[in-house]
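In the form predicted alone, a lone chain appears below as structure tokens.
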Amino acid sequence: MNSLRKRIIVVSLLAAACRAGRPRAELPPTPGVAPSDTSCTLAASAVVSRDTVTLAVTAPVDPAHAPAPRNDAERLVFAQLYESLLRVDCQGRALPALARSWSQDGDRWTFALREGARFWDGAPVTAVDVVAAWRSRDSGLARVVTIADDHTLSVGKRAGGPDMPLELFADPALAVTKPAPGGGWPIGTGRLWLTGAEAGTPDLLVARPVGHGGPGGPGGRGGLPVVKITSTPPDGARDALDGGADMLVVDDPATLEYAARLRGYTDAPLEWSRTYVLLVPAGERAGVGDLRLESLREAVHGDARPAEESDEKGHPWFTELARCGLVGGRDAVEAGARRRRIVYNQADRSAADLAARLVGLGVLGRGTAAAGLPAAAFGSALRAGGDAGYVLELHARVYDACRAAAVELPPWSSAGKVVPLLDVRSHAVLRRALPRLWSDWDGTLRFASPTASP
């Protein structure tokens, strides 16, 4: 067995170790992971310190969405910039982030903020800042916070709501930020700071270690590299590798085959972090009971498997949303008035393949056609609910199902049916000898310094 194959097998085993289920219900109040624990690390070879690392992303990164990502590119970029109180690693362990410790008393969680925690501009982070950040994204949560002092806050149960699991506080939507003067990128507390694109290169974002040529005082934090983020269209992924990108997250088999022929790169399979579903409005009869998901796997390109059930009740998060209050009365379109088509985003090749196969199998009856729409038109059609069905891709693991549903699904969805079809995953094409990457429970990758623990 040659050395390249050995390295690929090692990386694959590390990635496989991270395919854990939902975070455990009982989590230790003051967790810690030994620096030697590598169960959630992803590295192409020996971990080294690098001055600069270039990430290539194949989807837009919009500062207006920060810190809550809307796509995988934003998930990767925002994770380097922003912090929630906690993070949950691939094993389901809660780890300190902006909070250094926590405890539970009945239905209340109490958090102590990290000593010396500061925003990128050097201002100290207080409990008041945490509440202010939450108020703009989850006002119900902000209303049940009690501030004990500048560095301590407790969070109770929402009125009429269920108990809040600890992992909720790792939700990227609850990252602590404040508005930047003049707009632009929100100011965060992460170890890398970003203010926008590099001068003269609008497609290149540059994130620098806090204190490295920017806010926060002299010297960079923890040996982190300067991270350059370059945006490339999906069909330009090969060009990104030819241009010297150090890391590319991609699911296209042709690009992965091309990368395998390049010297100095290796291929690491990531989490099964996304699920394709068929979304059917209420009143539509979907013949999905006898649908063989294995036959759908053969219809798509890339890594796919029949969708697995994911929560503690044996159901994916997006199939039980009645408690989220998404339904605002009856459906927007009567069943008899809907167009007989299964709609998908025409830029998504796997969605197109799935829609065609579902039509061929007669899942929504005879006379149904597959229809691809541009991204904006697809979004409008999905919100309107005027079609017989929709094929779309959802995140498989979320920290707050209701918040995720509000972003990823139309309001009428809880009155209809969401049928899981296939789980899919991407691969990280990595240049050898990069700084260590940590994998979180939801598939997020984060850079760490060469000597840091998770």
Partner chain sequence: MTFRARLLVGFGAVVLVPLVIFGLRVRTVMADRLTAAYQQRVTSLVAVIQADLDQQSAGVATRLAALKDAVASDNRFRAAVLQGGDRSYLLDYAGNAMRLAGLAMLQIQDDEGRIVSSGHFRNEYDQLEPDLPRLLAAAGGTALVRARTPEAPFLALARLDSLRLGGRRFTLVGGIGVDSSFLARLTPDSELTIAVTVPPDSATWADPATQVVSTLTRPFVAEGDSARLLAARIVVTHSLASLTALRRGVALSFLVAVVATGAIASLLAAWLSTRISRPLTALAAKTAEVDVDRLDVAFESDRADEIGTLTRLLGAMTERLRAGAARLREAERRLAVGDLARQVNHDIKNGLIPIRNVFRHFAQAAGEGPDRLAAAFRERQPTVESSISYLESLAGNYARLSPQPTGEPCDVNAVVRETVSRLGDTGRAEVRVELADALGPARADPLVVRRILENLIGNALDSLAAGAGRVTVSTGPVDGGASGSGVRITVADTGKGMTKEQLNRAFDDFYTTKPGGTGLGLSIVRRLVLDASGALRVETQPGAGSRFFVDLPGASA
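Think of the rigid core as the biggest set of C-alphas that the two forms share within 1.5 Å after superposition. Values in this document were obtained by computation on a predicted structure and should not be read as measured data. Positions refer to the first chain, counted from 1.
There is another form of this protein, the form predicted together with its partner chain, and it is not shown here; the text below is about that form.
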4.5 angstroms heavy atom contact with its partner chain in the predicted complex for residue 262: no
Does its partner chain come within 4.5 Å of any heavy atom of residue 361 in the predicted complex? yes
I'd like to know if residue 301 sits close to its partner chain in the predicted complex, meaning any non-hydrogen atom pair within 4.5 angstroms. yes
Is the gap between residue 369 and its partner chain in the predicted complex 4.5 Å or less for some heavy atom pair? yes
Quick check for you: of 67 to 75, 176 to 184, 350 to 358, 109 to 117, which stretch puts a non-hydrogen atom within 4.5 Å of its partner chain in the predicted complex? 350 to 358
Which one of 146, 295, 346, 103 is close to its partner chain in the predicted complex, taking close to mean a heavy atom within 4.5 Å? 295
Rigid core superposed: residue 349 CA moves 2 Å or more between the shown form and the other one: yes
